[in-house]
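Just the one chain here, the form predicted on its own, laid out as structure tokens.
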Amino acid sequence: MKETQTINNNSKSTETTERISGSEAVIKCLLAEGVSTLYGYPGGAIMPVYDELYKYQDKIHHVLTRHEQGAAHAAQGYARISGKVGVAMATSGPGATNLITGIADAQIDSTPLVCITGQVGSHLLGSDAFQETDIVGISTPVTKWNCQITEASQIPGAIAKAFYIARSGRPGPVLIDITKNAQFEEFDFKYEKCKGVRSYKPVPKTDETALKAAAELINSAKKPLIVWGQGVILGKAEEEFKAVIEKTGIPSAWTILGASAIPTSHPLNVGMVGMHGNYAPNILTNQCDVLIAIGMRFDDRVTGNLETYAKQAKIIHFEIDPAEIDKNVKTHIAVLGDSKDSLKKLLPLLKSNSHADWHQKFKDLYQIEYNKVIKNDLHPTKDGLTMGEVLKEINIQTEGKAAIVSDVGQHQMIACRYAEFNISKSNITSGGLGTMGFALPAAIGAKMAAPDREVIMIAGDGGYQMNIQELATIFQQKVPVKIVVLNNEFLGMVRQWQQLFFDKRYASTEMVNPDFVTIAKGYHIDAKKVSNRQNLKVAIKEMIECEGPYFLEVRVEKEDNVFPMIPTGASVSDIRLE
């Protein structure tokens, strides 16, 4: 490396640049963006970058996952709990394509990721060279932005733009593909953070007229309902949101990714909406007169049949992404902008209220749900353990302060329904894509980003085995994550549908599982299995008190179902309690 000086005649200042390789430039760019941890898997086409990374081990901690999908999910977990950009790296061909599931998951769940892939040399592009894949073409539908770099001089500008796009506005994943020759080439390096991209406006300017109209409609509402999503958390608007609901007294329900923006126990928190959400907010969605959506996208799992969704209500949609307005549900008033700014400006325009009679309807319906569903989940009389009572005991012993990283399936719905969230960014799960195998690597990333928080992974026996190889990452990195597998020896959610809608034809859903405890111990992770109620409390206590990683298998009832449930294509009013 040698230094050169560039004289700027206009400013009469001297700028120092470095003559370095493209691969070293990648590392220096990451450092300039504040990256201290990245997840990845080396290979031929990215090897020059890894060679430079070796020299910077004291500044960037590289985590060798056991699969590139694990790297992407770990970066997601890191980003979701920290609010920072997660970084994943892989080689070309299969290494790059193995990132795609995690990238797609991040795209639909608005998670900021920067993924860097190696590529064959520029002269080989399009020749079907060994491990060549058009990863830019493949990833285009599931990235917020992507690009391919063929010259070393393009690296600083591309990486700066990538981080800016990933974290700004509605966050999302970006991918940078770097040819091998660009990694070897030398150039005069200088890095400047990106402060804007022409034609890209990440945060729309709030329309004051729309804001006033929204306030007037809210103030005149007799039966208003708020449904909030992850936009409140991504916008760091928790305090502003809390102030709005406490001033107006409006019952407020959450989507899966919105959970934890306010504490579960908050008196205005009326529960979860959606397919396996709470009875009251689902039923009363079709009785409210004003529905205020904040930072949510009216996903089909929330709305059910759009032809019958809140047709009696006037819809107000607070949203940062213009593409979400009127996409699924026609709005009466759209308030574009950052949630923190919009809610802060909305607050003084609102009148104080309590809506006592309206709240009573939520309480009455909750009691129906409690008697038919919740009581049986949390205080069962049958011999077998339920998933709900496991979550209840975790709540008690963590005081609702743990970050819960759940996989996808019945256990996920139970975790979302019954986990107590007293701290924001505590519910980390795969929402829109529903990716089985998400939880184990995501929990690794979450714990590494928040080492002072208790991070507990909840998975079923099916999803757990999709990325079970990441136990090796836990062992090598000594990540003290707590792993709970609720084992019902079924692909439980699919089995539930087969029971209810396919006459109990359990086609390819029963699991013949290995000895999970022995496998965990093979990775030098303390492990235990619990099959009866009297041992559950002690086992969870032992798990939480363990200073290192811990695996706990809980054998639960094989054919328990998750209720309430809105059947596919049905109205939210048709939610079933049994």
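Note that residue numbering follows the sequence shown and begins at 1. Everything numeric in this text was worked out from a predicted model, so none of it was measured.
In what follows, reference is made to the form predicted in complex with a small molecule, a form of this protein that is not presented.
**Q** Partner absent here, but in the predicted complex, which of 468-476, 486-494, 330-338, 348-356 has residues with a heavy atom within 4.5 Å of the small molecule?
**A** It is the stretch 486-494.
**Q** Considering non-hydrogen atoms and a 4.5 Å limit, which listed residue (I116, I428, M387, A152) is close to the small molecule in the predicted complex?
**A** Of the listed residues, the single hit is M387.
**Q** Which listed residue (G409, G304, P251, P112) meets the criterion of a heavy atom within 4.5 Å of the small molecule in the predicted complex?
**A** After the contact test, the surviving option is G409.
**Q** P480: heavy atom within 4.5 Å of the small molecule in the predicted complex?
**A** Residue-level check for P480: no, no contact with the small molecule.
**Q** Verify the contact flag for D461: yes if a non-hydrogen atom of it lies within 4.5 Å of a non-hydrogen atom of the small molecule in the predicted complex, no if not.
**A** Yes, contact at 4.5 Å.
**Q** Within a 4.5 Å heavy atom cut-off, is G434 in contact with the small molecule in the predicted complex?
**A** Answer yes; at least one heavy atom of G434 falls within 4.5 Å of the small molecule in the predicted complex.
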